[in-house]
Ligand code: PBG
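Quick heads-up: it's one chain on its own, the form predicted on its own, in structure tokens.
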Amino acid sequence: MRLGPALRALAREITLAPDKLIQPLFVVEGLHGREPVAGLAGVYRDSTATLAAQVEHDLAAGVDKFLLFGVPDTQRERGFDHGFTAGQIAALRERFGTAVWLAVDVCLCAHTTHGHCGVLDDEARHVDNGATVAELAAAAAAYAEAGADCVAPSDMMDGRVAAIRAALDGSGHEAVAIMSYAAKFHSGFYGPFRAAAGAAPRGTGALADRATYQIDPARPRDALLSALRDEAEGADILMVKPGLPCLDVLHDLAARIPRPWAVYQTSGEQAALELLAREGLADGARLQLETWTAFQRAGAQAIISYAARRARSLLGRTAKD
């Protein structure tokens, strides 16, 4: 059954397809031109002038699902203005209509002076969960009003899915989906992303990193509790992040909770694959397809990947081999 490509194709239990992939996009307020993201081939920080051209190029390459990260040029402590990202959503919707499915990240790390995913308490000792949830719900409602198909809270605050669902439903956006980062771990694989989004935490003590609100990689049961909570609060799609270090968690959660599952192949994972390929230590295309296969095998229906825009050419190469 393995001697020829035809029989191998017939016997496969996992079949990769471009429509399972979501391409991240970064749009940066005040940026002139576009800037490459270090470590990620073909990924850019786009300006308002170049974003639509990138989406047009991706559509031509067979990608029609996106996760948008808006990066404002002004940071503050609270009372955030989401007009920049909302404006980019509206512009994409006006230009591309229903040709694109647009999810939008909902977090505050690119908006805050300290780089954390929420509002700090009055003494600046830790993130204030309640105040942060209120800000996240307001952001989600603004993005839905601008035309987002889906909002994706990545902050890991308690109760934010319920608050976002209530805000969406209360503003007439019942059809906007929530793709929750249900199991987002305190990982070392986020480096290139943080540079792209200007979202590295800046603090000391408890604020030196995000360990106080992201899941400890040594506490997988916390991932189950978090995912069960988000399901109960109304999340439509649940996500695990990072991908490769958490295949066991993804497999366990997908078996336990009958919801659509997404996995985020993080910037650090992607950069590692590309480094192996650049150094001539591995076939980059083969690595990419093998990781995507592993994600589907573990239970993911959707894969967020920085290489999504290369999927058609990668899969076409496989078909010919």
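Every value quoted in this text rests on a predicted model; they were computed, and no experiment measured them. Numbering starts at 1 and follows the sequence shown.
Keep in mind the form predicted in complex with this ligand is missing from the figure; the text below concerns it.
- Heavy atoms within 4.5 Å of this ligand in the predicted complex belong, among the stretches 284 to 292, 56 to 64, 29 to 37, 259 to 267, to residues of 259 to 267.
- For the residues 117, 86, 238, 167, the 4.5 Å heavy atom test against this ligand in the predicted complex is passed only by 117.
- With a 4.5 Å cutoff on heavy atoms, residue 226 does not count as touching this ligand in the predicted complex; it lies far away.
- Using a 4.5 angstroms threshold between heavy atoms, residue 194 counts as touching this ligand in the predicted complex.
- A residue is said to contact a partner when one of its heavy atoms sits within 4.5 Å of a partner heavy atom; residue 112 fails this definition for this ligand in the predicted complex, lying far away.
- Proximity of residue 184 to this ligand in the predicted complex falls within the 4.5 Å heavy atom cutoff.
- Shown here without this ligand, the chain has only 69 in 42 to 69 lying with a heavy atom within 4.5 Å of that partner in the predicted complex.
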